[in-house]
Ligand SMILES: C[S@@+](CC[C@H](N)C(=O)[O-])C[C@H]1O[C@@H](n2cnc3c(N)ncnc32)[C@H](O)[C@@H]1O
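Only one chain is included here, represented as structure tokens and corresponding to the form predicted on its own.
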């Protein structure tokens, strides 16, 4: 699956049912998420993750944080409760548009569209904390590997990298699909079938040994790997690493 395909799928999901696409509660399909409830789940997740990070690295402080795969800002807004400056980045323009609309901290939170397989819009050694939850799992493995390397590059020396990723591949038929509407004018229906693809959310994974090999090979030290349960029933782990001070 190409970068273009991934971008196109998430743009379509963002236009059709963006909040469910970010947090796929089966009872919330069809734009049934209540916005305050939706963002409250993000605050809960961030609070728990910050506690976990602080227990492993007591006294850690971060002035600048990156939320990778921010979507509509569910977790970015939660991060702003703990850190001074937060940058959210996402591949889908409609997601970024919604994130900016919901931004309660415009003076401290910025959202960036990044339809690229890297993070070149940010310089080296830029962030104190890289954070990504329920995002990498929807990206094809070759792109995941590239982004992991970029996490280390944009993290400052002695900064932290925290993310979640499944370690076990889901069943081959594990898909979330959304089809274009069928009750449309004949011409529009014809154009849809000829020029668009099905918005199908895939699930991906990387073995823990492979994840750590990539990051440690690029200058990050593993501090903690733990089972992570906020991403559904798949076997999933959170990774906390620290970038070496000499890189």
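Positions refer to the first chain, counted from 1. Predicted, not measured: the structure shown is a model, and the values here were computed from it.
If you look for the form predicted together with the ligand, you will not find it shown, but the lines that follow are about it.
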item: Stretch in contact, per heavy atom within 4.5 angstroms of the ligand in the predicted bound form, of 121-129, 73-81, 153-161, 101-109; value: 73-81
item: Among the candidates 165, 86, 148, 92, the residue which, in the predicted bound form, approaches the ligand to within 4.5 Å (heavy atoms); value: 92
item: 4.5 angstroms heavy atom contact with the ligand in the predicted bound form for residue 242; value: no
item: Residues of 3-29 having any heavy atom within 4.5 Å of the ligand in the predicted bound form, listed in sequence order; value: 3, 6, 10, 21, 22
